[in-house]
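Listed next as structure tokens is one chain, alone, in the form predicted alone.
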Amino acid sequence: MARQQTTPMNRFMNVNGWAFVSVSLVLIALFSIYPVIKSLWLSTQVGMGVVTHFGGFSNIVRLANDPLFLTALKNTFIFLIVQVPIMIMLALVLANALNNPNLKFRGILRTAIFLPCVTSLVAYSVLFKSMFSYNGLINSFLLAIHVISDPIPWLTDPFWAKVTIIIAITWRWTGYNMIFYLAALQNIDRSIYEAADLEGASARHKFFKITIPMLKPVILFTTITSTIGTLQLFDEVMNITVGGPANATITLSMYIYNLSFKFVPNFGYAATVSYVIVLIVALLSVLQFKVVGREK
């Protein structure tokens, strides 16, 4: 293959091309690449506040012996393992139901379910804290319909505090994931369902044998984004339970915040904990690609 001749015009166009992208490249390097490299270097520093020195792998060794880190890690995984599957399945069922052309008020129902995800994180967290307080709306309602005989300590019991956080996250993000499934469902050829109807397939059979397999790429996407979001869980825990009671709901992100701004500042160790989240996200994303079978 003949090599392309370099003409003055080609050189001029190359220079102009690099001139156009150079600003973007500088900004990406300044605000994306530099912070990553800086935080990686920071994770090797030990000390308090701005008085730090190189500590090698000291922060990594400290992780294994830090009971509060292990508690935060356990809590984060509990939220991840319980909440993400519930939310994904709920979003799938709602999207399938709201995709029915014969359903009345579909637009209103879709909007109502989607609205929570555009609500302010702090505003809805404060509202949930009020609703799930000992004398709040939820306990009053459950007592009124005789489901419980005594108020549930939603925010002061370790188990119920986790349940409250899971309910709050599920309420806010189910509609967000449902929108992706609705968009994907409307791209599935209706003739596939018509053929299944002719074969006498039930609604459940069509859901599990047609809908879910056809939505597999979207399910993978929403699962990965939900996993990342749950591993970075902070706002709800900070505003509803403040990590309590007795650190029963503290997460890795909140622990990083405490290390940086609440306890005596230890930015090096906080950076190390943040890289634990990066590592977990990377491992779980690869695992999810493998499970779905679309690693290529």
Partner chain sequence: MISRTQRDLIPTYIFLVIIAFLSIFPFFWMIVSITNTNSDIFSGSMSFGSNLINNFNSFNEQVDLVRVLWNTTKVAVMGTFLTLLIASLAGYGFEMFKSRVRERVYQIILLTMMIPFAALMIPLFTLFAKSGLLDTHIAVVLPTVAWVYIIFYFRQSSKAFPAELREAARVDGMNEWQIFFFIYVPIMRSTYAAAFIIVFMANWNNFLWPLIVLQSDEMKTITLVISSLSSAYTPDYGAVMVGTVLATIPTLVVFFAMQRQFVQGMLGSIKQ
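Just so we're on the same page, rigid core means the largest C-alpha set that superposes within 1.5 Å between forms. Values in this document were obtained by computation on a predicted structure and should not be read as measured data. Positions refer to the first chain, counted from 1.
Not pictured, yet referred to below: the form predicted together with its partner chain.
Every residue of the trio 42, 131 and 274 has some heavy atom no more than 4.5 Å from its partner chain in the model of the complex. Heavy atoms within 4.5 Å of its partner chain in the model of the complex belong, among the stretches 193 to 201, 68 to 76, 145 to 153, 131 to 139, to residues of 131 to 139. Contact check for residue 114: a heavy atom falls within 4.5 Å of its partner chain in the model of the complex.
None of the heavy atoms of residue 287 is located within 4.5 Å of its partner chain in the model of the complex. A residue is said to contact a partner when one of its heavy atoms sits within 4.5 Å of a partner heavy atom; residue 38 meets this definition for its partner chain in the model of the complex. Though the partner is left out of this view, residue 248 does not reach within 4.5 Å of its partner chain in the model of the complex, counting heavy atoms only. A heavy atom within 4.5 Å of its partner chain in the model of the complex is found for one listed residue only; from 80, 215, 90, 166, this is 90.
With the partner omitted from this view, the residue of 188, 210, 86, 127 that lies near its partner chain in the model of the complex is 127 [heavy atom within 4.5 Å].
Of the residues in 13 to 36, those that come within 4.5 Å of its partner chain in the model of the complex through at least one heavy atom are, in sequence order, 13, 14, 16, 17, 18, 19, 20, 21, 23, 24, 25, 27, 28, 30, 31, 32, 33, 34, 35, 36.
After superposition on the rigid core, the Cα atom of residue 279 is displaced by less than 2 Å between this form and the one not shown.
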